[in-house]
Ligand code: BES
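Shown next as structure tokens: one chain only, the form predicted on its own.
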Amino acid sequence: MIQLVKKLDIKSFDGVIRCVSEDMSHEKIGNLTLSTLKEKGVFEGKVGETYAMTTSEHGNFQEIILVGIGNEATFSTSKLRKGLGEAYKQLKSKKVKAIGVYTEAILSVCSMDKKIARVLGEVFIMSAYAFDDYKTDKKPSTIERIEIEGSEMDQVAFDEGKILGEANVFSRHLTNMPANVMTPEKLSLLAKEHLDQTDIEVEIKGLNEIEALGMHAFLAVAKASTNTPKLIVMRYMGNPSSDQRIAYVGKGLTYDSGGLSVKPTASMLNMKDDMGGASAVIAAMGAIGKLKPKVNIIAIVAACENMISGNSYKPGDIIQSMGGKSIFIGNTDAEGRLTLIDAVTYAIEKENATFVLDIATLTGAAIHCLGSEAAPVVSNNDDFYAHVEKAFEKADERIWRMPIFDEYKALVKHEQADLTNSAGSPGTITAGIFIGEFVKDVPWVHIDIAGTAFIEKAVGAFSKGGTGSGARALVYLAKKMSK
């Protein structure tokens, strides 16, 4: 459906996307020039800007969307992705069947041909997705093919971009599925099914095995639900001769009521997205399995629900952990960190992880820190953090490192137990430090995607709902760590 071609046959498309730079003032666009559009104040070619017009040139009725790419100083791939996503959605609403995409102007403002090729491979797959599985009156898209003129584009990078786009969409779809369907068991089955055609080994551990491992903190969170927990372990050994093993640990709360520290109704509505970290690592593993980087990745998800029953863990309880430290429960709604510490301990002790990255919709405080534009990060290792930062930059996703002061470390201690799961403000940092208590000396990065994993309004290549935050970046990290 989506392919890179050397030359477009303009007459064969009823929808056209044309990239336009600010410097193309006198070039004809239909029967107009960019300077004319600028004079009218309707389109200036600024990066990410779009403008729709209809023509009947070449004897063919066409819907044309102009996408601004700015100039050498203002161009950015994230804004290009947003503009192309908006253009696709406009053409979809006009019920076109075939879209031709003219991209030659991009290389006049940007020399990053491989990165551009990846963006073009990703963006239309990402833009086409909408969560409508439960709509009885859903209308299928009329779009049958998309051809992109890019004779100078890198085909390998373009094909990689399509795999990354598919990973993003799969992550979003897992996050969007309702919690009555997306139980821990369902998540484990979908992970196994997704990775079935790759070289990735998938092991699903049930309740008895989790108990045998001594994952007491994970089990404390899970025990109130009638849906039993699952420990999902995915192993990709792309470099078996190497002792390096990178663990991706994703928070897998398929639903979070808050437990006995119950959330208000409005705060529960989107708690199906509390497994955004799990969806990111599962989707990333699918792409890694296809791209086959020379690296060893172990992905781990401790999947469960945080519910309410007579069996619930309670504020004031003191529980144990697989890592051996006791924990005072100050709030049962600070549950994600409890599942993560046992998953991290498992990664280090049982899978011999030499690097650990955990990714989680962990704290509402993350939204207060950085809003929805970036994810706060806590790390104990400058070099590993630098690799992670570059991987997120490559995916056009923002992260920002938080400080770890001794005063913050003291907040996670408790007079009745080794640690407390509710250390107070600054909540994003203390939650990260709490997890850090279990990583020992292993290089570690914690990413809190509470603000970036879900959006309330469609924008650019993203529909309302899950964003797939982190999924593509984790693939880039795997490739980077293989070098």
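This one's a predicted model, so the numbers in the text were calculated from it and none came from an experiment. Counting begins at 1, following the sequence as shown.
There is another form of the same protein, the form predicted in complex with the ligand; it is not shown, and what comes next is about it.
Q: Considering the ligand in the predicted complex, find the one stretch among 137-145, 359-367, 106-114, 166-174 with heavy atoms no farther than 4.5 Å from it.
A: Among the listed stretches, the partner-contacting one is 359-367.
Q: With the ligand left out of view, choose which of L80, A303, I300, A334 has a non-hydrogen atom within 4.5 angstroms of it in the predicted complex.
A: In short, A334.
Q: Using a 4.5 Å heavy atom cut-off, which residue among K325, K92, K263, K290 comes into contact with the ligand in the predicted complex?
A: It is K263 that has a heavy atom within 4.5 Å of the partner.
Q: Give a yes/no on whether F454 approaches the ligand to within 4.5 Å in the predicted complex, heavy atoms considered.
A: Yes, F454 lies within 4.5 Å of the ligand in the predicted complex.
Q: Quick check on Q62: any heavy atom within 4.5 Å of the ligand in the predicted complex?
A: Result no; Q62 lies far from the ligand in the predicted complex.
Q: How about D256: is it within 4.5 Å of the ligand in the predicted complex, going by heavy atoms?
A: Because a heavy atom of D256 falls inside 4.5 Å of the ligand in the predicted complex, the answer is yes.
Q: Please run the contact check for D274 against the ligand in the predicted complex: heavy atoms, 4.5 angstroms, yes or no?
A: So D274 counts as contacting the ligand.
Q: Within 4.5 Å of the ligand in the predicted complex, do we find a heavy atom from each of K251, S422 and A450?
A: Checked in the predicted complex: all three residues contact the ligand.
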